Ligand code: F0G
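Single chain ahead, by itself, as structure tokens, in the form predicted on its own.
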């Protein structure tokens, strides 16, 4: 059959509250033109993020009821630990309440002034935790990785030549680890090839630097490897994932993505000394090492989710749903980052609203209009999130790409919901010349996009 159906049945439903464009204009203004500040009940289709927004399965919910809430040594932790060890092969499994907590612990130990952390592309919380430690986060995407129009199988790759040059330039002693983000979220959810991960491992070995993986979307990345990389078509998703992790010394993970849960994460390490330091911080900031800021029921749900996400039927449906959205928008002439990634479609805001300069945030303009016209909440991934002003010259430095992310929650929306999104995006594109730029009226020193306030620029 040509039609790829959802590999699940709906068992529980949550009503959607409908409102009018006039209602939404008022709501948006009251939120300071920042979708993060809009109440969720005022959103019709929520594509702000795929993090923590998954629908859990019946088995996950039954696991929640079976969770062992003992403070220390709960059986739910040992199931959680067993599943992750089998999947990743890492010796030390440290639960945290979400991925950024794992990042905070890791970079509190390995970061600091004078340190540099290279990555194919850091996402926002990773970058923030690195910079908060005093270290510098450096992006080394492959050639073409930052060109929205280039179609390539693995645009999420690390630039291996640039990585080695960077290590030589900055000195091994100043680079405590190399990181690879799979899939590459800031670069459009693009996958990283196994060949590139192996090459990164070879550079890490050559200079004696640990290699870590930001594993939020490891299963989606493994699926792309299976479908696109020679030699992997006959391997299971689990086997491919195990090979990915075999090249690393550790990983951080927000379980809110590919573990299909609403809260949780972990730090996994092979180095016992590093793990001891991490657990010492964990006890102070998160909780006892066998719960780490999570309830036993959360540990159960994560363990079950990590097994379910390896199902190829689920991943086929998941990736195809995103492709479907991308194909329909492309057919209508809407510029998107090509090819469609694993968890989201990224509108190319630079082309979409070409009359709005980067310092007036074209992505934010699209985000705001899309909410008013369709009640759809999305996220700017451009100069609001990554742009900055040079402290010495006062010059505005835009992001490398101006994007709007339509992140698809897992197992939540049906094809009719996606068709509605397609209609709203196309209508927004048809009205693009009426879009106005925005200015920031308030911003926080870190992760400003979460709480920033805006106002439209009037002619």
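Numbering follows the first chain given and starts at 1. Quick caveat, the model's predicted, so the values are computed rather than measured.
If you look for the form predicted together with the ligand, you will not find it shown, but the lines that follow are about it.
So in the predicted bound form, are 51, 185 and 214 all sitting within 4.5 Å of the ligand, heavy atoms only?
The answer is yes: all three residues contact the partner (heavy atom, 4.5 Å cut-off).
Select from the listed residues 103, 258, 300, 380 the one whose heavy atoms reach within 4.5 Å of the ligand in the predicted bound form.
None of the others qualify; the residue that does is 103.
Quick one: from 196, 350, 125, 88, grab the residue that has a heavy atom within 4.5 Å of the ligand in the predicted bound form.
Only one option qualifies, and that one is 125.
With the ligand left out here, work out from 91-99, 353-361, 132-140, 321-329 which stretch has heavy atoms within 4.5 Å of it in the predicted bound form.
Going by heavy atoms within 4.5 Å, the stretch is 91-99.
Looking in the predicted bound form, any heavy atom of residue 200 within 4.5 Å of the ligand?
Close contact is absent here: in the predicted bound form, residue 200 is far from the ligand, nothing within 4.5 Å, heavy atoms only.
Within a 4.5 Å heavy atom cut-off, is residue 181 in contact with the ligand in the predicted bound form?
Yes, contact at 4.5 Å.
Can you work out whether residue 157 and the ligand are in contact in the predicted bound form, taking contact to mean some heavy atom pair no more than 4.5 Å apart?
So residue 157 does not count as contacting the ligand.
Might residue 190 be said to contact the ligand in the predicted bound form, defining contact as any heavy atom within 4.5 Å?
No, residue 190 stays farther than 4.5 Å from the ligand in the predicted bound form.
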